[in-house]
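Quick setup: one chain, the form predicted on its own, written in structure tokens, and binding and motion questions come after.
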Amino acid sequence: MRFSHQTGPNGPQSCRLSVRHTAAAVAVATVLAGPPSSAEPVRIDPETGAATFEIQAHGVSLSLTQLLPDQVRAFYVARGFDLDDADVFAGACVYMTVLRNDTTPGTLDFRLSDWEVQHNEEVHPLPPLDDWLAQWTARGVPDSARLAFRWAQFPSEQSYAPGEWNQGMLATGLPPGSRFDLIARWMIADQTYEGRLDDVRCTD
């Protein structure tokens, strides 16, 4: 995981926290310039085995928690999706995503269209919410089920005052078992920040 702060007329300044982990252990290396940062790279739910990848820096918290395909499938079938349609989303490497403005000096603004996934040495955007909604319309998913889907997703863009936060489902569109890096970007007081979660794992 890395967190960088890009600002100033004379070029970028950075505050980065890098984390790499293996099955046996987690190695943490930090290079800091500016306010202190902290991260707990992976937490494992003892009941489900789902992993949470997270970072905390400059008063902002970002986390991705694996959602098991069975969890996602059951959630949407209960809200009016048929099994085939629910399977499409359940197999798209879905996470419960939380972004918090804990203690920043101003409003946090973000757009998911500025976030990227790095996978197999290629960088691409996250699947847009509108693309999912268009697919559900084409597949004949009922209006009520599409509305439930929309409200369950992490917002496409949002502003959070200090103390505000939100959560929702976020799909990477990657196959099960994939590993990727997430590059997230946001603005605080006209300054651009970038948070990076490295070696995030999709469930098998």
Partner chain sequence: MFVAPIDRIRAGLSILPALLLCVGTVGSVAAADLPPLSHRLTVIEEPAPAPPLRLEDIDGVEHDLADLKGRLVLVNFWATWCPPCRREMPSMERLYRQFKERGLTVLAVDVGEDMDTVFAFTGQLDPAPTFPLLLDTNSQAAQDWGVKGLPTSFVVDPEGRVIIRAVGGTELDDAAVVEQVVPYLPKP
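Positions refer to the first chain, counted from 1. Remember, it's a predicted structure, so these values are computed and weren't measured experimentally.
Below, we turn to the form predicted together with the partner chain, even though it does not appear here.
With a 4.5 Å cutoff on heavy atoms, E116 does not count as touching the partner chain in the model of the complex; it lies far away. Taking the partner from the other structure, the partner chain in the model of the complex has no heavy atom within 4.5 Å of any heavy atom of G49. Interface residue remark: H58 is not counted as part of the site for the partner chain in the model of the complex, having no heavy atom within 4.5 Å. In the model of the complex, at least one heavy atom of S159 sits within 4.5 Å of the partner chain.
For the options A92, M96, L126, L133, the one in contact with the partner chain in the model of the complex, meaning a heavy atom within 4.5 Å, is M96. Candidate site formed by D70, A78 and R150: every one of these residues places a non-hydrogen atom within 4.5 angstroms of the partner chain in the model of the complex.
Residues of 160 to 178 placing a heavy atom within 4.5 Å of the partner chain in the model of the complex, in sequence order: Y160, A161, P162, G163, E164, W165, N166, Q167, M169.
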